[in-house]
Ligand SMILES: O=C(O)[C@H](O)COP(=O)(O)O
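Presented as structure tokens, the chain that follows is alone, the form predicted alone.
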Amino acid sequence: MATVVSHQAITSQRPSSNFKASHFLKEPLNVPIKLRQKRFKIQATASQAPLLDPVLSPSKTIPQSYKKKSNEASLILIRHGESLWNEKNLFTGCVDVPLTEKGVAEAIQAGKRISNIPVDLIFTSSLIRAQMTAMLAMTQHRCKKVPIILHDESEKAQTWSHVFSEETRKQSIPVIAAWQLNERMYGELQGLNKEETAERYGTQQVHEWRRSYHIPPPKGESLEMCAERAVAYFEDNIQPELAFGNNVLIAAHGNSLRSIIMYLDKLTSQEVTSLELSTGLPLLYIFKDRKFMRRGSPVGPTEAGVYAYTKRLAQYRQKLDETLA
């Protein structure tokens, strides 16, 4: 029986999942919320339609005095580009390796595809390949704002990284790195060649470790365990930003993003195991009236290489054109 990995070592990377953008922005981006610290419950069978048990879902309340920026918001998901260990066909998991030259090109291409989509706030994992992807993608954005990683490791880190120019802050986008968005921890498989591992343990066993929902690899995480931390973080920290009207980009990993998509699309544990995400290919959701609506492929019906237009996105592009003219 595989041993379940402890999260204590991972959580030590960040002191807390609760960030504050107020030390960076004149007006804080995150809406004051009141949370009940309860975990969500994933339904395991196809016959059970709701993904979340509403009784266990965090309760978020926004003060009436807080005026929403908009009645809808954009959510962009990007799986990082090819990494050096992807290229070598190695199990990577939570090992921190950078992008290949191909991965850099994928991140830049992803940025071109989302260059007309508004972005107010960026979330990444704590791993460099996801952070590189977000940064490279934003070099292609037409808003020309600079993504800046917020450092909340200590009071000194916050003080030393403070930006004093109000004008510079207006031309910047906060980036929050969170370990909860990390790739699934592959335990004793990390660093092993995938083909050699299949020869050693058998193709069926390796397939169960990689694709089953409940079965973890030796001393690693199952997809279920990855989903618990990733979705809880999304509910507590990202969804309130969308509810306030902030447009969010998430650059993360195959399994942490599959977990979030499972929540957004209300997939069952059987359906999510067959979900494939291409590296560097963004997905767009619109959050409106407390619902997530997927906009699907980044190839839109009206213009090549752009997401399907909505009225709001068209207005945003027009405003960008006027600003940059």
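Note that the coordinates shown come from a computational prediction; the quantities given were computed from them, not determined experimentally. Start at 1 with the first residue shown and count on from there.
Form predicted in complex with the named molecule: not shown, discussed below.
Q: From the list 118, 240, 93, 220, which entry has a heavy atom within 4.5 Å of the named molecule in the model of the complex?
A: None of the other options qualify; the answer is 93.
Q: Check each of 86, 131, 197, 109 and return the one that places a heavy atom within 4.5 angstroms of the named molecule in the model of the complex.
A: Result of the distance check: 86.
Q: Answer with yes or no whether residue 113 is in contact with the named molecule in the model of the complex, where contact means some heavy atom within 4.5 Å.
A: Judged by the heavy-atom cut-off of 4.5 Å, residue 113 is well away from the named molecule in the model of the complex.
Q: Quick one: does residue 255 come within 4.5 Å of the named molecule in the model of the complex, counting heavy atoms only?
A: Yes, contact at 4.5 Å.
Q: Can any non-hydrogen atom of residue 123 be found within 4.5 angstroms of the named molecule in the model of the complex?
A: Close contact is absent here: in the model of the complex, residue 123 is far from the named molecule, nothing within 4.5 Å, heavy atoms only.
Q: Tell me, yes or no, whether residue 186 is in contact with the named molecule in the model of the complex, where a contact means a heavy atom of each within 4.5 Å.
A: So residue 186 counts as contacting the named molecule.
Q: Tell me the stretch among 227-235, 167-175, 209-217, 146-154 that has any heavy atom within 4.5 angstroms of the named molecule in the model of the complex.
A: In short, 209-217.
Q: Any residue of 72-89 with a heavy atom within 4.5 Å of the named molecule in the model of the complex counts; write them all down in order.
A: In sequence order, 79, 80, 86 come within 4.5 Å of the partner.
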